[in-house]
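One chain is shown next in structure tokens, namely the form predicted on its own.
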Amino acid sequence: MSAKGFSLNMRTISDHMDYILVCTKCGRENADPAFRCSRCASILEVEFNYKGKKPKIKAGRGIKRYSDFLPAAPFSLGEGNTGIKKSTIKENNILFKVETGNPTGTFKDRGSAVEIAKAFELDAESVVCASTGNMGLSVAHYARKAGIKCTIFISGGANKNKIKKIMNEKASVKKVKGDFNTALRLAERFAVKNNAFVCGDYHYRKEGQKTVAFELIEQLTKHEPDRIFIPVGNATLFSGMYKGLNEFKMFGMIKRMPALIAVQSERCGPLVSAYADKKHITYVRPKTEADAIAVGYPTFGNEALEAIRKTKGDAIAVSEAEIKDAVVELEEQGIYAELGGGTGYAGFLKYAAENGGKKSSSVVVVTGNNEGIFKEKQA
């Protein structure tokens, strides 16, 4: 039992798989609680030292099963173990990995479970996070359960229903005049000034979110699909799944890498533009209604570009109308998604139409439903 009045049931630091935090740009090694490189301010990567050890998947349920692949034993609230469902449309040879069954309704909970565990391990008294809505709610929920103070900087275009939910988690909400990237800068400044642990689209969240890939491969009985379609905002899930699949391949749990397909709205597609033009990612002003993926400059954009190229994947832009139609079609199949959550399916439909409906196995990640529209049906 901890001093904060709850049992985290975590391993000690010495029990963790050895790892270091390495800058993705200059290669400098950084120490906790760094959230960016101390030399060049670039993002960090968790680099494990397996020392000849093969991590094992544990018995049980949820992402705690993958603790050997993670930098901290998750502070679990029942995230993971999300369903996989076959499309009811005969022409679509696809499966849906449905992340709406997580505690706050999205895949974000996987990352929050690892981040809050790490914050607790480092004796952080408070956490701070920038968000468009879903991640803020997830972090606020996990922080409240862990007894840690939480501050959320939220972008101006965030869904009002999501803001209300975050406030209900007793988090301090700072509304920002600007988009996600503005909120991100303010949250990082707040962290430095107030000695708060930074949650959000950083290295520890990526570790938690890579478990979507682990779980998917297990559900397919270790048979990798040809393609995986993933909605992209900050590209943390996209790059995280790439990392997870690479780790499974390293240890012989899959034989080949699926092609990873990034899907963004035409009204906020910096990754798609960079991939098409073979250039670096540049900022675009988000104008999409799919608030969960309304990110003008994805934090893990360069890592996502690498993942697309190395898996011979693709980056697809879909219209707002195509996203809405996809969400309706998902509902007709018994899957309730918000706009951002259904964007991957819109990408699949566009890809299939343009590629003559080739017979191959595909998985669409439905990342979540947190708009409250279908919550009652989903329950």
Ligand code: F0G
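Counting begins at 1, following the sequence as shown. Remember, predicted model here, so these are calculated numbers, not experimental data.
The discussion below concerns the form predicted together with the ligand, not included here.
By the criterion of a heavy atom within 4.5 Å, residue 131 is counted among the residues contacting the ligand in the predicted complex. Within this chain, residue 111 is remote from the site of the ligand in the predicted complex, having no heavy atom within 4.5 Å. Contact annotation: residue 235 falls within 4.5 Å of the ligand in the predicted complex, judged by heavy atom distances. Although the partner is absent from this view, residue 135 contacts the ligand in the predicted complex, with a non-hydrogen atom inside 4.5 angstroms. None of 117 to 125, 187 to 195, 169 to 177, 291 to 299 except one has non-hydrogen atoms within 4.5 angstroms of the ligand in the predicted complex; the exception is 291 to 299.
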